[in-house]
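What follows is one chain in structure tokens, specifically the form predicted alone.
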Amino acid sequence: MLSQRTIETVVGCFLLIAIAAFIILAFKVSGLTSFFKADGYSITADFDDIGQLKIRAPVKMGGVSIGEVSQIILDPKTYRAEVTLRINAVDANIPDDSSASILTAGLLGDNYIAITPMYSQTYLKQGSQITETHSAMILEKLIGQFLFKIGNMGNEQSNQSNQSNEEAKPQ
């Protein structure tokens, strides 16, 4: 029969292994660590405006996550945001004439990059660049443009009514 001390040692070891497994699982699921990076390659894309895009934002193609944003820097020559994308090796066949867009998950959700594949038979590889990009739509800019157009429509209508009133006045 096993002694009480041996049973306690086995149970203690089991608990330590379980706690370590939960910690590893938490890091892997959260994506906050680089210990478990999948094999893949890096490509770049330049954008005029990246909005609220962040490092570790997903890269999706057809709604399926195929990688993540690994780096964002400002190009000192063109003053455009250069975004480095880490693509998983299993998703290696992305045509080199594909386009990249920054989209928002929902109305006020996080930004992500969506790659739209085209029809080329040659594929992106390590160090390639996506040349066709579409910048993020900034909600504040859209609201400002809408309000500006409404304001101009009101001014045009008042100018037209003033002109018609002046034409209607007897000389």
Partner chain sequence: MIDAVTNLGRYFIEVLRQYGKAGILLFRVILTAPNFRKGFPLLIQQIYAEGVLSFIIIVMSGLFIGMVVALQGYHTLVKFGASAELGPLVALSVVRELGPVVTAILFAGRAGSALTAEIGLMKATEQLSSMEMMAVDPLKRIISPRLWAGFISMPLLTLIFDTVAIYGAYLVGVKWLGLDAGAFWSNMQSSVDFNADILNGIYKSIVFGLVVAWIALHQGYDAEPTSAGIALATTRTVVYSSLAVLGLDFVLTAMMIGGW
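Keep in mind that this is a model prediction, so the values were computed, not measured. Numbering follows the first chain given and starts at 1.
The form predicted in complex with the partner chain exists for this protein as well; it is not shown, and the discussion that follows is about that form.
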Quiz prompt | Ile7, Ala21 and Lys28 all contacting the partner chain in the predicted bound form, non-hydrogen atom within 4.5 Å | solution = yes
Practice problem: Heavy atom within 4.5 Å of the partner chain in the predicted bound form: which of His134, Lys125, Arg56, Lys141 fits that? Just give me the one. | Solution: Arg56
Quiz item: Any of the heavy atoms of Ile150 lying within 4.5 Å of the partner chain in the predicted bound form?
Solution: no
